[in-house]
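Laid out below as structure tokens are two forms of one and the same protein chain, each shown alone and named structure 1 and structure 2.
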Structure 1
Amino acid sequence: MDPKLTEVSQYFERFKAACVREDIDTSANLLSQLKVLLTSFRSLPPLFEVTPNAVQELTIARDIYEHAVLLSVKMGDQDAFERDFFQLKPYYTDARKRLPRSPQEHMILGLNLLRLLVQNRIAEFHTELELLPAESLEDPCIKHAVELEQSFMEGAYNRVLTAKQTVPNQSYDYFMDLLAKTVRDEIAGCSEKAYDFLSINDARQMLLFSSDNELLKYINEEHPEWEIKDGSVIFQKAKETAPCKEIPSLQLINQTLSYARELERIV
């Protein structure tokens, strides 16, 4: 086998071992070394040359990047995830014909979708979704992410939180935790508008806190305008929009001026 290829495989083995051991620093070091070594292969994107070892090189590079992605999840580094995922993407799309399917492909794609959802980049979420062929949508990892997005959009937040139990893979946990936090903020926002008041118990249940103290702390930090009286949380309804008697003068002026301008143009 090609000496470079052997060297890379050895490093890769050590890298995988470090990952299993949960040794973040060593893994990170090995990863950077591996990436430098990979630049010497000419059969990888963007060159995609056809060399005799092309298939092996492509496969090993793809595996390296997949592990890099999983490592970034463990480290909790979303930027690194994004970078590694973008490097991984050509292997899935352009090199699809040359390589056999990777078993982790769907899981990683699902992970990416989840990340976009958590970061509230819904437009990109849908664009990515369009790229997937119809049969990928049946895959549990991807289906999980899609249903999650739907529940999020509809507002059925409790479904989002129960979905936490049904993650297909433990690497999803990191993002699900982030999502839980976002969901909590959303629920708080909605409750504010929808309810006049809520008893402390109910509020605690809805916002998924395990004790009253946490609830109170949360309210103090995030929503100081909520009052707490007689064992219930009163949402600030007093500043509800009184029927607006004022005229939005600036807007009206702008509109009328534009009418005048346009009409003048009509010869």
Structure 2
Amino acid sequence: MDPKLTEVSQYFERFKAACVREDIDTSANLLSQLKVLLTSFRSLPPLFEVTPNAVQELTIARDIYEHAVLLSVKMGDQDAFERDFFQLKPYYTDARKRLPRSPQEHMILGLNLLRLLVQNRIAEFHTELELLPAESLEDPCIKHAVELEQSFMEGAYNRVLTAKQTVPNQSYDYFMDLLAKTVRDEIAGCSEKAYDFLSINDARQMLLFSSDNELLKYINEEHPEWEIKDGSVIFQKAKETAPCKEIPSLQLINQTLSYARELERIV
């Protein structure tokens, strides 16, 4: 085996071992070294030069970037996830004819769709979806993300929260927790505008918590401006502290009349 490929393989084994024992610092350090070593392989994107070890080099590089994506999930680093995913993506697209499909491909593509959904990047979500081949859309990992997006757009928030119980892979939990927080924040924002107060029981059901303690913890951490009193959650304090923007009605009327006069001159 080529000495450079041997060195990369040895570092990769150490990297995988560090990931298994969840030694994040060691994993991140080894990953940085691996990325530097990969730069010596001219068979990798964007060059794709035909070399004697091209298939082995492409395969191990793809495996490294797949592990990098999963490491970023463990670290809770969405920026690192995006960087590593974009480095990985050419191995799923441009190198498709050079390599057999990775068993991790659909799982990681589904993770990326989930990330875009969490970040409310819906246009990019649909762009990525349209780039997938038809057979990929039937994979459980892709279908899970698609069904989540449909539920989110329909406002079926209960389906979004219960979807965590049916995740196709444990690595999805991180983004599902973020999505659950996004959903609850959306419900909370609507609730404090629609109601002056709610009973604790109604608020718990509205925010889709399974216990009063979970509700109270959420309020303490996310909405300390809400008041708990006599078995109710009172939103009035939040409304009083919210800034009110004055609408410049006279200015708007003058502008509208000015536009009308200009239109009359044009006609």
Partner chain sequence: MATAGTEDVEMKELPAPAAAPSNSAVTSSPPSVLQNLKEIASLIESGAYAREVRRIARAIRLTMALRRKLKTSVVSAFLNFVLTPGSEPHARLCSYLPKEDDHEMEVDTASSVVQAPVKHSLPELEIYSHLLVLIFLIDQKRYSEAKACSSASIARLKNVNRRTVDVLASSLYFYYSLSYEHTGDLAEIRGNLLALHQIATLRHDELGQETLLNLLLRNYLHYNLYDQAEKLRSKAPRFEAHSNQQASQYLFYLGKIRTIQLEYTDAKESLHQAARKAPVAALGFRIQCTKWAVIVRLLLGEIPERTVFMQKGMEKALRPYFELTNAVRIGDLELFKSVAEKFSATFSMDRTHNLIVRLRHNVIRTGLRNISISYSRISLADIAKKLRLDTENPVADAESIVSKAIRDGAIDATIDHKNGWMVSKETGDIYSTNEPQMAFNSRIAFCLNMHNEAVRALRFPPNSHKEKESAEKRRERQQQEQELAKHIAEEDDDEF
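Basically, rigid core = biggest C-alpha set you can superpose within 1.5 Å across the two forms. Quick note, the numbers are simply positions in structure 1, starting from 1. Since this is a predicted model, take the numbers as computed values, not measurements.
- In this pair, the copy labelled structure 1 belongs to the form predicted together with the partner chain.
- Core-superposed comparison between the two structures: the C-alpha position of Asp212 differs by no less than 2 Å.
- If you fit the rigid core between the two structures, you'll see the Cα of Ser258 move by 2 angstroms or more.
- With the core held fixed between the two structures, Glu222 has its Cα displaced by at least 2 Å.
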